[in-house]
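Shown next as structure tokens: one chain only, the form predicted on its own.
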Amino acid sequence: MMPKILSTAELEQVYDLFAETIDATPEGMRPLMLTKLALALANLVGDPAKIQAAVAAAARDL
């Protein structure tokens, strides 16, 4: 399990931002936008082990 750093309210704000951005992106460009977002966030995290854990958590139970 990943540690919870953001509050529930902050996570909801981030979720809304992601959802609005995805909806505003042309459908065919969404995979590219999400890849660019993932790389930008990975760069901010700056820790390959944390990034690997986040990828595993996101892929779990799809």
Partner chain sequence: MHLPEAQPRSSIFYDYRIHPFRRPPELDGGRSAAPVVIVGAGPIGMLTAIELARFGVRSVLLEQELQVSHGSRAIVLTRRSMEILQHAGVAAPFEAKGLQWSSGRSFFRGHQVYSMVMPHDDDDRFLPGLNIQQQYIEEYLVDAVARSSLIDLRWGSKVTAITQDAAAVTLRVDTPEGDYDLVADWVVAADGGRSTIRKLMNLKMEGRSYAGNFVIADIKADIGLPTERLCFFEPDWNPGNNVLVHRQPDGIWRIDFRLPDGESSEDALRPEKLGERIDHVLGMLGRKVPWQLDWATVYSANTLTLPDYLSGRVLFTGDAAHLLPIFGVRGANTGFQDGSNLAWKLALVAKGDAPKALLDSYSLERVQAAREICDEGGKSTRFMTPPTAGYRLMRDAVLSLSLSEEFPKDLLHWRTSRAHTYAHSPLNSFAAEDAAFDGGVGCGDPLRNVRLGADDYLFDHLTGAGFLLLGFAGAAGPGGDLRDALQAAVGAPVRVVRVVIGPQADAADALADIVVADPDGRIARKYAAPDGAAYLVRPDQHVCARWRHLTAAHLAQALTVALGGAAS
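Nothing here was measured: the structure is a model prediction, and the numbers come from that model. Positions refer to the first chain, counted from 1.
Keep in mind that the form predicted in complex with its partner chain is missing from the display, and what follows is about it.
Contact between residue 11 and its partner chain in the predicted complex is found at the 4.5 Å heavy atom cutoff. At the 4.5 Å threshold, heavy atoms of residue 16 reach its partner chain in the predicted complex. Not displayed here, its partner chain is kept clear of residue 47 by more than 4.5 Å at the level of heavy atoms in the predicted complex. Although the partner is absent from this view, residue 41 stays clear of its partner chain in the predicted complex, with no non-hydrogen atom inside 4.5 angstroms.
Interface residues of 1-35, taken as those with a heavy atom within 4.5 Å of its partner chain in the predicted complex (partner not displayed): 1, 2, 3, 4, 8, 11, 12, 15, 16, 18, 19, 20, 22, 23, 30, 34, in sequence order.
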